[in-house]
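Presented below, as structure tokens, is a lone chain in the form predicted alone.
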Amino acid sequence: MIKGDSLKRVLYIDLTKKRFWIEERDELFSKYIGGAGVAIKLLEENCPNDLEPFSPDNPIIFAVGPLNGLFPIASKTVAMFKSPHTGNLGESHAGGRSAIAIRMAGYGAIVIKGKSERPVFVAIHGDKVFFRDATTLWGLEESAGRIIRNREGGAGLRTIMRIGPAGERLISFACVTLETYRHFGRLGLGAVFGSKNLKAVLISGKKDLSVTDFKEYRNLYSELLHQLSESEKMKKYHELGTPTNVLPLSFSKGIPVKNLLENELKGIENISGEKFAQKHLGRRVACAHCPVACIHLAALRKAYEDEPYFYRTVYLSYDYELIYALGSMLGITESEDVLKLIEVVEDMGLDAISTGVVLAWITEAFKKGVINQKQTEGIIPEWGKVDSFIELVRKIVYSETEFYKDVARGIDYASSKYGGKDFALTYGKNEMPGYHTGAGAHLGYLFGARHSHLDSAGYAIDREAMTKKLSPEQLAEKILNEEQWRQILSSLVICFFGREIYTPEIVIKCLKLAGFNLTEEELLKTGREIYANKYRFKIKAGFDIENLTLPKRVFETPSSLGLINKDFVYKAIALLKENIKSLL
């Protein structure tokens, strides 16, 4: 079924015994395509229901799809694992060079299990796997990637995935950084790395990929490249990146402010995409095989403490979600302050969204007397005051006190212990993304397999509801249909920015050239099955679908569509529950 390349090959790595082997799993890739579809089946195979997230047997799975390395903007790798943050399904996507490096190394998926006795990094060079001592890299905040790159050599089709101190110290929302500016961000993959004493994974390869008809492939590639290059949305993302959404969402009252206490922030124009570009834009970079280059890097000029008039320039990636989580959510209205906070979050190796929402909860909890200075070790969090937030971030990672260990597990856990549950903005135990656009966004977070804005794009459904009123039945149907289709895109693996171009018709043409002959009906059926597989895993792992609720704050602060009607939402919740259970 898979023509001429090695997508069906799965590399298994045992960190405990320092051994590896390769299996051909044609049946998995033939049925579930790749990416998310294959990853969830590998997770089911390798992760028993009662396994603790920090068990050595918790697998780390990386999977790519048949369009990676062949078509433009098919640039993502899917990571799956049991999440230490939620206790059930952990799924995160990252770009950079990761997907093309895995394919060029000759694999469709990689499964990492076990625990090394001492810190280690794994170097995968094609069919060879090396276990390198990483003792001297453990504890480094920012230079580990450069050291590994210099140690292993090679360039181009190579990816380096690494963790920072947060992952080493098992912070439940620690991330994994790739190519300096990309991340497996949400749900704590960095902590799973740390629990295995795994500092980093390097992957490189030089294998070829083939297609069934090169002439037809070249024509289709050119057509897609033209559409992506000429799309007004893609041009927008190239020019300003996702921060182009800051001002429109602020205007529509859709960007959360100060832990969603408010929906307007005076001075927000100072942290808009336009302002960042004018003041800080240093360069743009792209993931492999992507013509858009939506990754925007800010040049932050920093003075040396002991050398007057001497400065260094730090390049930091910024996007809408970071400006929301480390800006508006904390009442910060200076772009330099947002960048300072981004820098420390990057150095620690934390997921920026969860970090910002955690800091916002701490600030409100402090102001309401839920917590005090004894617990914060003298730090007084204040909306808009970046220095206090920088101190708090470092405390969350390094402090050994009970309070900081508790918030290092996320605010679902912390609010259950200290109080402040009504203003803890979590969905299935994962912190809120940056869209308060209406019921669609919040239901998408709650029922998305990853509790992410990227699952069902409920905010886009809210935009539709601005001109066409939806019933609870219609809203539930749209959320389910969108997420089930996105299972196909995340199995190919397509960056969701290209979802409007990669229609079912185009996907079928691309898959045919990659060796798959599928109809649209078969694609949609596969998407439903992958979605069901994810939910089956979640529920067996302890996800309580029967008792899902939205944070109380969601109903108190007007959204882009005004105040959200609780009766409407809970009717839609009941419908979504029944629809999902019918799939299992």
Partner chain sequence: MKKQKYFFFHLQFKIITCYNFIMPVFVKDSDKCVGCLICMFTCAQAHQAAGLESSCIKVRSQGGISRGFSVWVCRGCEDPPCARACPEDALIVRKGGGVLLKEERCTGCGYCVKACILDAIGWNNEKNKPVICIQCGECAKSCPYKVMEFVRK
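Numbering follows the first chain given and starts at 1. Note that the structure is a prediction, hence the values are computed from the model and not measured.
FYI, the form predicted in complex with the partner chain isn't displayed, but the following is about it.
Participant: Hey, in the predicted bound form, does residue 402 get a heavy atom within 4.5 angstroms of the partner chain?
Facilitator: Heavy-atom contact with the partner chain at 4.5 Å: absent for residue 402.
Participant: Would residue 214 show up as a contact with the partner chain in the predicted bound form if we use heavy atoms at 4.5 Å?
Facilitator: Residue 214 belongs to the contact set for the partner chain.
Participant: Does residue 291 make contact with the partner chain in the predicted bound form, using a 4.5 Å heavy atom cut-off?
Facilitator: Result yes; residue 291 sits at the interface with the partner chain in the predicted bound form.
Participant: Quick one: is residue 149 in contact with the partner chain in the predicted bound form, heavy atoms, 4.5 Å cut-off?
Facilitator: Yes, contact at 4.5 Å.
Participant: Sort through 287, 201, 397, 476 and report the residue having a heavy atom within 4.5 Å of the partner chain in the predicted bound form.
Facilitator: Only one listed residue qualifies here, and that residue is 287.
Participant: May I ask you to choose, among 59, 551, 69, 527, the residue with a heavy atom within 4.5 Å of the partner chain in the predicted bound form?
Facilitator: Filtering the options by heavy-atom distance leaves 69.
Participant: Just one of 277-285, 190-198, 386-394, 255-263 has heavy atoms within 4.5 Å of the partner chain in the predicted bound form; which?
Facilitator: So the stretch in question is 277-285.
Participant: Between 80-111 and the partner chain in the predicted bound form, list the residues on our side with a heavy atom within 4.5 Å.
Facilitator: Heavy-atom contacts within 4.5 Å come from 97, 100, 104.
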